[in-house]
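Take a look at this one chain, the form predicted alone, written out in structure tokens.
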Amino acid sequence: MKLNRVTALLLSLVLAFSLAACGQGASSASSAAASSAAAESKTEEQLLAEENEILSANDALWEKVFASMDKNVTETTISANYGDFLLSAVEKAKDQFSDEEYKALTADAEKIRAIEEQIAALAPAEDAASSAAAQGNAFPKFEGSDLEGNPVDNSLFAGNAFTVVNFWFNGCKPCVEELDDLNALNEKVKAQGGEVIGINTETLDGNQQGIDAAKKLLETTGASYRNIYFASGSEAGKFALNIMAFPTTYVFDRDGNVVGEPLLGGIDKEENLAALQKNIDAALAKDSAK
């Protein structure tokens, strides 16, 4: 399972950063001061781009780390420093790597943890609270479109007894592999008053290249359930871009509130489908009790 927290943000904003390595040069006071000033002037997007660069450098190794993860994401995991999340994942998968590979992955995670601390220092307290709310109990209000250009908003939740929302992106192999299973699930839950909705993070902001690629993948796998997008800078966009691992799937009730724990991993795996079904059953029970 591939984790790609920042690629979608980079695509949607069409950023073009020049990521020269930031090495330790001469130890003069002026060089140190210049380096410090440069670090302080970096934006959150630039720091996230550095994280993505770090992961990309050892992409094959990180693929193995993420493929070994089969547990649900918890609220604690979501709110943790991203570097700590990666360190934990590496530690659990360390038996799959040589000593050299393990050291490389650990070093990557440590670098990302330091970057995350810089990002946290940039964000005002209200932004942190907003981010926590975005990953809290309810899906943020939004106005957006489906991939055909039809308008959508939060009213879609009210129209369903429950809504299964799957977060994915085009380059995520496990995400693509479960598209047909999600389509089959959508056909099944229609009879229960439910619906499956896809949110491809590469389509945010109406990114046409991402939309075209997503539509092709959906068509190729025979998936016809709705996929939607909205502005990356909206609270809903922040919710999507704060997803740590892909695919991740939530169940929401009629009010847009989260039911159960979000599921990390494809539902093409029997145990994952069972975990998702448990959340669906809870949502149905909650709806029938109203």
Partner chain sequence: MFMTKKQAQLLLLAAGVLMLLFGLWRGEADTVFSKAIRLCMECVGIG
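Predicted model, so just to flag it, every value in this text is computed and none were measured. Positions refer to the first chain, counted from 1.
One more form of this protein should be noted, the form predicted in complex with its partner chain, which is absent from this view; the next part is about it.
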property: Interface residue in the predicted complex among L61, A231, M244, A67, criterion: non-hydrogen atom within 4.5 angstroms of its partner chain; result: M244
property: Interface residue in the predicted complex among D108, E116, E202, E195, criterion: non-hydrogen atom within 4.5 angstroms of its partner chain; result: E202
property: Which of 86-94, 148-156, 163-171, 99-107 lines the interface with its partner chain in the predicted complex (heavy atom within 4.5 Å); result: 163-171
property: Its partner chain contact in the predicted complex: L264, any heavy atom under 4.5 Å; result: yes
property: Partner proximity in the predicted complex: K269 to its partner chain, non-hydrogen atom cutoff 4.5 Å; result: yes
